[in-house]
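The chain below stands alone and is given in structure tokens; this is the form predicted alone.
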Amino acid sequence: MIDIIVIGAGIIGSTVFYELTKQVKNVHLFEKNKESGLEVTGHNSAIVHSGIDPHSNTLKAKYNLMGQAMYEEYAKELETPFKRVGALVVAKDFEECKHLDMLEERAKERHVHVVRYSNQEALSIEPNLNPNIVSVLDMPTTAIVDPTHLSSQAIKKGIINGGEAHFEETIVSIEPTLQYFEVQTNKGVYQARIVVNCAGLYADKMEALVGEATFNLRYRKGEYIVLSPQAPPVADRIIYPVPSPLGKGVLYVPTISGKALVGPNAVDVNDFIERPILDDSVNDMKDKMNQLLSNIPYELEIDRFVGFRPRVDNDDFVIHEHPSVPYFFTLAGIESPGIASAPAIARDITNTMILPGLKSRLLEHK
């Protein structure tokens, strides 16, 4: 009998697995791909956000702030790269400055350090900013990581702690019984006292295997341009536009690997099938980026990639025990700021939901 099965080896499932193995030895992680972090985790901007963007009284705000506070030590614990590079939110006109005012006020409420700069002050610290910008908000605590490496490290250390990881093993069915879940995969059948659903783009389908699904996922596609590590750095910091209802907009992002990203765009889609990136999309991203930042060496582009974000209707994370299937826990809709939130989600949910659930399950059947 397995104590806990975790489904999905993205950054959420991997860190949950790691946190659980600190206290429970009989934890198994299942991933349908051959490696961790190959889907949502490995196809995003890889930013540890400062914590001022999410709306108040949301799980996004709670876990972003918690994750930001613990990330540097957590990265050391996992022996994975972490770098505070800071970020500038750029206002192109006085109307957009109102959004900076709101973010500045929110930062004060959340005790997040930010600095407001005028046009000339901003150009003195990032000379390649478009000279027509009006004002910027500097968020110096913003950082970058390699979420795929972080996921891999979490699993490796979870295995050292006594956990077991199953790759290229797909969940076929999950049957709740009075004492355990019977979990069938393409390779075998397992019994587990607790199941934790961290299946990313497939989380709603996993939940539907045990009973009525309590949420539906929608998908948002984002495309990126990747610039060579040999390209001269255009900015030391991440450069954001003032966000729109579709997200944070097209960014310039220095990465841990030394490459730079320009993107993403944001398009709501009905599926997460990867399709070719059209030149029109790339040109649109370049046009938007050029309104914020000059001298980007697009001729040193080395790659393009597509990422998909799982979203729910209330624009927040889904973190709960199934209302009619006890001991089946779901962590879903973990879009931005999911990378920033992952360590905090994993540690908090392990200690407040999953381990108390396991203790209760064991007491029921003594």
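All residue numbers are counted from 1 along the displayed sequence. Just so it is clear, the structure is predicted and the values come from calculations on it, not from any experiment.
A second form of this protein, the form predicted in complex with a small molecule, is not displayed here; the remarks below concern that form.
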Does Gly67 make contact with the small molecule in the predicted complex, using a 4.5 Å heavy atom cut-off? no
Does Phe30 reach the small molecule in the predicted complex, with heavy atoms at most 4.5 Å apart? yes
Quick check on Ile52: any heavy atom within 4.5 Å of the small molecule in the predicted complex? no
I'd like to know if Lys60 sits close to the small molecule in the predicted complex, meaning any non-hydrogen atom pair within 4.5 angstroms. no
So the small molecule isn't shown here. In the predicted complex, which residue out of Ile155, Ala75, Ile296, Ile171 has a non-hydrogen atom within 4.5 Å of it? Ile171
Please tell me which of Ala199, Ala87, Val136, Leu150 lies within 4.5 Å of the small molecule in the predicted complex, judged by heavy atoms. Ala199
Quick one: find which of 163-171, 282-290, 226-234, 94-102 has residues within 4.5 Å of the small molecule in the predicted complex by heavy atom distance. 163-171
Check, residue by residue, if Ile7, Glu39 and Gly222 all come within 4.5 Å of the small molecule in the predicted complex, counting heavy atoms only. yes
